[in-house]
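First comes one chain, alone, set out as structure tokens in the form predicted alone.
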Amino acid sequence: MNIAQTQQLFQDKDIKFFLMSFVDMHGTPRAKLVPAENLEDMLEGAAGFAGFAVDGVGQGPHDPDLSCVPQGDSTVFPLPWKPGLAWIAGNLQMDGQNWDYCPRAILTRTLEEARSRGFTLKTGVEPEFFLVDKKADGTLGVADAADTLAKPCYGQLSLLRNADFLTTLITHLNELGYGVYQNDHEDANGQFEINWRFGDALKTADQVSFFKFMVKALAEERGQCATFMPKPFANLTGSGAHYHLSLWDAEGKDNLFLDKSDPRGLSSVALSFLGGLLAHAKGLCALTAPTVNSYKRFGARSPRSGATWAPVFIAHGGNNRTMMVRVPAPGRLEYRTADNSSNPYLAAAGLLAAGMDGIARGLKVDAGRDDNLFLLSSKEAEAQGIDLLPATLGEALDELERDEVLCAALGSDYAPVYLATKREEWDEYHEMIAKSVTAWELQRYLSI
């Protein structure tokens, strides 16, 4: 990052403090608040962190500090709702070199490898979230008590009741150059989605990280809670984070996925990339749907709105939302098996590695499907040769461990740490479940 340019930005915006930020394995932002007069020291690596205090950073309590250092491609955002503060995305480093356990550095490396082969990945992410409040009894409820429609998607009155929050959020995002082009009330009560302009995959990951931070901060100021949890309510549709993907040339000028002569508008490069997504679908889930709760969306019974909108099968098709990968328009793919419990840097790195493997192997795909896969049973799918996505986090982790391409993308040091940390999460959940007595058990066994 150019020190003079950054200093000028802070002077123009009257920045007094900045948040030097990185994300941990789970995508949770971590930061130090640094006075602006210490900017130059920070840019030279003075923002030190004890790595052992953070999940998945590959350090013990005896190890030296890691530095959080902005890069030439780092995103810098003044906080519109907190004048005088700015946020900077940084990479964790040791002795001036990117740390192998830094998710942002992992994506940077994966993008550089693709660029060496003449490709630039561009992404657009559609993050869904709930506005909720915590009741006196500890349960969660939808923050908007009047949001009660059985089919609330696109509810106009709900948008109006939440307009102060949503318009403030969108205004701030556009002040920061996001290019928001629409916002809607999603399929569940209290659920919303913001869509902004696609761009370079690293910048988009920075934007997603900051977006989640800003949504939560603005909700807190209103006494509410914003959650990106995949499935906070058993009876409502869960929240996803669909990834729109396209490969461009090394300069980012020409869309190499676009072929206007193809019925789907997809080039041979795009179709091989799609083949890679399908081939690595099961292992990818451990990166794009990386929590116990993620799998409460997959295969769930339809909520009261009528559909979960979460794919179950490894399949692709045209403009068909029941597919794992759909083609919403010529020149791009939409990967629908992701949610916002994922780390945006690791998710993008995994998707790129899978797609690039498909290109390297020259994988072919069929014409895809146009039927409603939500109506298909597991037995019917098996009879038609359609494979299932993992049903649990544990299953997804087993698939990731067997996937040499995805583990190589994470790195030989980071992949085992990621797997071990996530398996601890899976084991902790099962230990808790094993010791609890569920309502289902009481209903089924109480009369014995």
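Numbers for residues come from their place in the sequence shown, where the first is 1. What you see is a predicted model; the values in this text were computed from it and never measured.
From this point on, the text means the form predicted in complex with a small molecule, which you will not see here.
Asks: Please identify, from 111-119, 210-218, 187-195, 361-369, the stretch that has a heavy atom within 4.5 Å of the small molecule in the model of the complex.
Replies: That would be stretch 187-195.
Asks: Wondering, does residue 240 line up within 4.5 Å of the small molecule in the model of the complex on heavy atoms?
Replies: Flag for residue 240 set to yes.
Asks: Though only this chain appears here, would residue 308 touch the small molecule in the model of the complex if you measure heavy atom gaps against 4.5 Å?
Replies: Close contact exists here: in the model of the complex, residue 308 approaches the small molecule to within 4.5 Å, heavy atoms only.
Asks: Looking in the model of the complex, any heavy atom of residue 336 within 4.5 Å of the small molecule?
Replies: Yes.
Asks: Does residue 296 make contact with the small molecule in the model of the complex, using a 4.5 Å heavy atom cut-off?
Replies: Although the small molecule is absent here, residue 296 would stay clear of it in the model of the complex, with no heavy atoms inside 4.5 Å.
Asks: So which of 244, 264, 222, 321 gets a non-hydrogen atom within 4.5 Å of the small molecule in the model of the complex?
Replies: By the 4.5 Å heavy-atom cutoff, the listed residue in contact is 321.
Asks: Among 357, 206, 144, 128, which has at least one heavy atom within 4.5 Å of the small molecule in the model of the complex?
Replies: Result of the distance check: 128.
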